[in-house]
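Before any questions on how it binds or moves, here is one chain, the form predicted alone, in structure tokens.
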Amino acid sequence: MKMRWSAWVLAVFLFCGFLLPLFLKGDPREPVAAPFSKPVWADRTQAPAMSLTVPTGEAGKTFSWSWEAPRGLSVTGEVLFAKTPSKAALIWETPAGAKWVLSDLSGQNRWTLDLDARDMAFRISLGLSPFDESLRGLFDKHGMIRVRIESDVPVERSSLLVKIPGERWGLFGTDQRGRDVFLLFLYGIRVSLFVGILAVLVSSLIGLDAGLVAGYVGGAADTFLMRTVDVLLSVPLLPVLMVLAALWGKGLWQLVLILGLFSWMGTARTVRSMALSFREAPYVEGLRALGAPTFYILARHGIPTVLPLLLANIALGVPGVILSEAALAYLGLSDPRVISWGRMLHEAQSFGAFTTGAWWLLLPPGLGIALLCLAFMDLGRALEEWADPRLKGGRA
């Protein structure tokens, strides 16, 4: 049988959320480039972020530059000489032929560097204006730039790392803190799936119990449970979730519990309607006549009867929970330490991504929420057709 598109989409989400991060280096909470860097494929007129090492050889490291001068530059790492040099320096050679001494390395055999172009002392030592945002002296024209260690003694080891922030980074760019949006997006998949599936399982368990008791037992239990469902359905959900999230805390488990406790009413109504017809079935009347206890009848025959439709309800309920979690996180009512798509949208809105046009902060989580919800809705539709072949339009 041909797999539905939703199954492929969910498989991709599961791979990207749980397996792909294992092969990627870096912490999603740590900055990797300049804030608000565009995706590397978005605007090739701007310089990409670069990171290059300076080898021990006299040739150094050469790279091509064909953009405007960047706003930042940093050099970090350690240099170890075979013996103490009387004359040594870290040299920067521009395309126009100018030589800049980034750091004097004379007088000792081991140096630890931590240079940053944002430091005024560093700019002044290079003869640059401390008030100029760009490094026009170091990037005087387009062409080849070389960074090397010039010394009168051999260099034994070099771990120098030159970083140029640039304006482009990675597949999805960076956010307001310079974090990789692609990594944040991958980790957000975990939270959406975890909260969505676990909260729906909690609500389905409650709805299954309430629906079976209301439909099979009937009487006062049915009246009480259905009136409770009516009252909860009449209460606006989002304000209640906001109040409970503020009272119980912003943790992930609290969020799962809150969403589970206020998402079971539709399941209870569906299960009750099936339990009403199940109660009048001849074989159920025969079981009651033989003295079978109510718990046995519901556990042995009631749950298997409603299970196909219950699975469909679970799949159809996940999108609502995912949207509710994203809404709470967007409003700031989630744990700031937890990476989620709603939290990404909240921080993007707080730092002006909507007004500045930083679309790469908005589209990945927004499209991720929409695509994941559509996939679960299609999966729920498939389960409904399996439970009731008449929904296929007579083709079953």
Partner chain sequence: MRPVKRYWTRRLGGAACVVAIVLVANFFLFRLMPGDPVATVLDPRFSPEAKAQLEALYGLDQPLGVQFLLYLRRMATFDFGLSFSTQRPVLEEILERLPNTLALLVPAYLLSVLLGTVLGVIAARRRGHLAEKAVLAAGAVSFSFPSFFVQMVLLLLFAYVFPVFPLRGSLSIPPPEGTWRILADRIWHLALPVFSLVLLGFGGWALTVRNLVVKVMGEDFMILARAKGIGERRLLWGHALRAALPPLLTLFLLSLPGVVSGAVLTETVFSLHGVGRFLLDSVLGQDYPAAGGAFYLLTLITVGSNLLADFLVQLADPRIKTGGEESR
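Computed from a predicted structure; not experimentally measured. Residue numbers count along the first chain shown, from 1.
There is also a form predicted together with the partner chain; it is not shown, and the following applies to it.
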May I ask whether Pro28, Leu52 and Leu115 all come within 4.5 angstroms of the partner chain in the predicted complex, judged by heavy atoms?
no
Position in contact with the partner chain when the complex is considered in the predicted complex, options Trp248, Trp253, Phe194, Tyr296, heavy atoms within 4.5 Å:
Trp248
Between the options Trp67, Phe351, Trp359, Phe63, which residue brings a heavy atom to within 4.5 Å of the partner chain in the predicted complex?
Trp359
Looking at 158-166, 120-128, 278-286, 234-242, which stretch has residues with any non-hydrogen atom within 4.5 Å of the partner chain in the predicted complex?
234-242
Non-hydrogen atom contact Ala47 with the partner chain in the predicted complex at 4.5 angstroms:
no
Within 4.5 Å, heavy atoms only: does Leu383 come near the partner chain in the predicted complex?
no
Proximity of Val306 to the partner chain in the predicted complex, heavy atoms at 4.5 Å:
no
With a cut-off of 4.5 Å between heavy atoms, is Asp230 one of the residues that contacts the partner chain in the predicted complex?
yes
For the stretch 305-344, I need every residue with any heavy atom inside 4.5 Å of the partner chain in the predicted complex, listed N to C.
Leu323, Ala326, Ala327, Tyr330, Leu331, Gly332, Leu333
